[in-house]
Structure formats: C-alpha cells, structure tokens
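As structure tokens, one chain now follows by itself in the form predicted alone.
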Amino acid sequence: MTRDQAREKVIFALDTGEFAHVQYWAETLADKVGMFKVGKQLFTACGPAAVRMIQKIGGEVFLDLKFHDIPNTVAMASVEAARMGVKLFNLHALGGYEMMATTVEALDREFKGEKRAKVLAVTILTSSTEETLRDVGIEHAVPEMVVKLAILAKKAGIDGVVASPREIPLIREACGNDFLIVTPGVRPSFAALNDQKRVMTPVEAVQAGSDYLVIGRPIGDAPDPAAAAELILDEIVAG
C-alpha cells in the first residue's frame, strides 16, 4: 500500500466544540489524513459552518450525527446532509429497515443517479459490551447483532456500516467486498485505549478489510499531532 492510499483511509475525529479549532486542525492535518469527522458536539456548537470550513481548506467530511428517528424525519435530514457535499454520513441501523430504505429512496430521488454522499449504518457502538446490550433488552451476542444489523442495512440499500474492527471479517463474509466498512475503535500501537472496548491497531484493521479508520485522540492529544498522524501512516504502510 502506498502512503497516499494509507492517508485516504484515515479519518480524523474533530472532537471539539470550538470553531477556531476546526480551521487549525484542517490546516494542520489536510495533507496527513483523508477525511475529517464532524460529530454531534461540533455540529451542535457550530453547525454547517464547520463543514464549510473544512471544505474551504480542501478537506473531505464524514458527518457523524447518527440519525435515528421516524423514517421521514431521518430521510429529510439525510437529504440535507448530502446537499452539504459531505463524503459520508450515518444513521443508526437500530432505527430499522423502513427508516433506512426510506432514506435511500429519498437520496435517490434527490440526486437522480448523480454522485452523492455515501450513507452508513451504525451497528453496535464500539463502547458497547454484551452487558450493555442485555441492559436494553438485546440478548444476542455483540458479533451476532452487528452482522444482523449489517445485513439489514444492505438489504435497505445502505452503502456500508460503521462497526468495530473486530467484526470486519464477519461483515465481509455476510455483505461482500463492495460494502463499505468504517471502523472507530482504532488505536495505533503508541496510544491508550481510553473508553473503547473492541479495538485494533490501524494495521490490523486494514488487513482485516476496513475501508476507513476513525482516529481521534491518538492524533489530537499528541504533543505533535502532525507527527502522530505520520506515525500512523508509517504503521499502515509498513504493515
């Protein structure tokens, strides 16, 4: 794998609520990562302006708002997300088949075959364990539930899933190689686990078949973030 191919796989998580930080990170990491993740904290604080700032500097955006509501509400929110020109955005697979299928139908109507944002379904959050699922009445094991939701998402026309790197082989077997897999819970060899439970290194995740790796604190909390991003690229290329 070339360094450019490795860079395209890395999504930096912008875990901030400050607009000034968006420009700093976009300028600092524009040539080190392939995409920037705008999540709930940043979008609630700054709105679409955060997306536009990243795009102005030449960066691509993964809008990580995890929509989960009645089908029409999620479909309309998804159309607005895609209109912003983001590369990826997501919704919760636990919202069900009708919610996901309605969203895909709305996107198809809006873009009529033109290039649009890819929509991902979140399966089971990487902070979740078997106990977490039991507490909300789900008796299936985490891997079983992840695959069940991934298959449902594909059936609804969703482009891919967000899932722990440990479930990648199971999803690939069930959904094929053309189904996107975006993996949080990726920690380079030099980083702490923090609150993630089901993790892999970048090399392990890529070798398992991940299309994109979401990495935040190992870069953002490093004394030299740009150097930390380079180290991650080194790990991926060497692996």
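All residue numbers refer to positions in the sequence shown, first residue = 1. Values in this document were obtained by computation on a predicted structure and should not be read as measured data. Take the two forms, find the largest set of C-alpha atoms that superpose within 1.5 Å, and that set is the rigid core.
What comes next is about the form predicted in complex with cytidine-5'-monophosphate, which does not appear here.
Chemist: Please state whether all three residues V33, T201 and D234 have a non-hydrogen atom within 4.5 angstroms of cytidine-5'-monophosphate in the predicted complex.
Modeler: The answer is no; none of V33, T201 and D234 reaches cytidine-5'-monophosphate.
Chemist: Tell me the stretch among 51 to 59, 25 to 33, 207 to 215, 170 to 178 that has any heavy atom within 4.5 angstroms of cytidine-5'-monophosphate in the predicted complex.
Modeler: Of the options, only 207 to 215 has residues within 4.5 Å of the partner.
Chemist: Test of understanding: in the predicted complex, would T126 fall inside 4.5 Å of cytidine-5'-monophosphate by heavy atoms?
Modeler: Flag for T126 set to yes.
Chemist: Answer for H68 alone: is it within 4.5 Å of cytidine-5'-monophosphate in the predicted complex, judged on heavy atom distances?
Modeler: H68 lies outside the contact set for cytidine-5'-monophosphate.
Chemist: Wondering, does A13 line up within 4.5 Å of cytidine-5'-monophosphate in the predicted complex on heavy atoms?
Modeler: A13: contacts cytidine-5'-monophosphate in the predicted complex.
Chemist: Judged by heavy atom distances of 4.5 Å or less, which residues of 94 to 123 approach cytidine-5'-monophosphate in the predicted complex?
Modeler: Not one residue comes within 4.5 Å of the partner.
Chemist: Would N72 count as moving between this form and the one not shown, using a Cα shift of 2 angstroms or more after superposing the core as the test?
Modeler: It does not, since the N72 C-alpha is displaced less than 2 Å between this form and the one not shown after the core fit.
Chemist: Aligning on the core only, does the CA of S128 end up 2 angstroms or more away between this form and the one not shown?
Modeler: It does shift by 2 Å or more.
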